[in-house]
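What follows is one chain in structure tokens, specifically the form predicted on its own.
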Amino acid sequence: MTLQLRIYVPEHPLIKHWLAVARDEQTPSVLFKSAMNELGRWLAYEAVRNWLPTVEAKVKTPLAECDATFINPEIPIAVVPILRAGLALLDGTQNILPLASIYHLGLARDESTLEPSCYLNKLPSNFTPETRILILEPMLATGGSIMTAMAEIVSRGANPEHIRLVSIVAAPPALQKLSEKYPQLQIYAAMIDEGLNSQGYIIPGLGDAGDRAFGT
């Protein structure tokens, strides 16, 4: 498989640890949700590196004036969790980006056709081309949901070069689709898994992230 997009799997011990906790079928729902929260935090931290525009300024400490760097407040930052499982990554992400606007997008997969349908769309009518957009989608399996989400976001003026995607586990079919359509996209994942089973679930994966996070 040849990929044009850039996918990063950070070599961070905390990411490895919380991924192992999330994978374990014996992990109870409350701990699974904590693991997802931590993975959202650390992957978002990696994703925003060299991505957020900054401005240079001067500040006065109690002792002297010095140079300072701030996040540019004029560039909008948006976080788009893909419901329902994306909500499990949101708290950790908001710890990193507390001033970001949150836009929910609800997608459900038909288990027989594996095709997504949209049941909630709270995206704005327009994004500015400069807006930094972080998409939270824990599972990149068949690629149906993320391709639908990307199409909705880009149709509203978003620049794919300013979109980054946080995922927990990704599989080759989704990555191939994203690479062909959005080669500018950057993805931050805890792991790239081997493939899908006949039901379209990632193997070895971590099961249904939404069900496990919310105890359903």
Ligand code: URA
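These numbers come from a predicted model, not from an experiment. Each residue number is its position in the shown sequence, starting from 1.
The next section is about a form of this same protein that is not shown, the form predicted together with the named molecule.
Colleague: Since only the chain is shown here, I'm wondering whether I202 would be in contact with the named molecule in the predicted bound form (any heavy atom pair within 4.5 Å).
Modeller: I202: yes, in contact with the named molecule in the predicted bound form.
Colleague: If we define contact as a non-hydrogen atom of the residue within 4.5 angstroms of the partner, is P10 a contact of the named molecule in the predicted bound form?
Modeller: Result no; P10 lies far from the named molecule in the predicted bound form.
Colleague: With a cut-off of 4.5 Å between heavy atoms, is A209 one of the residues that contacts the named molecule in the predicted bound form?
Modeller: Because a heavy atom of A209 falls inside 4.5 Å of the named molecule in the predicted bound form, the answer is yes.
Colleague: Please determine whether A141 contacts the named molecule in the predicted bound form, using a 4.5 Å cut-off between heavy atoms.
Modeller: Judged by the heavy-atom cut-off of 4.5 Å, A141 is in contact with the named molecule in the predicted bound form.
Colleague: In the predicted bound form, which of the stretches 95-103, 119-127, 133-141, 68-76 has residues with heavy atoms within 4.5 Å of the named molecule?
Modeller: Correct option: 133-141.
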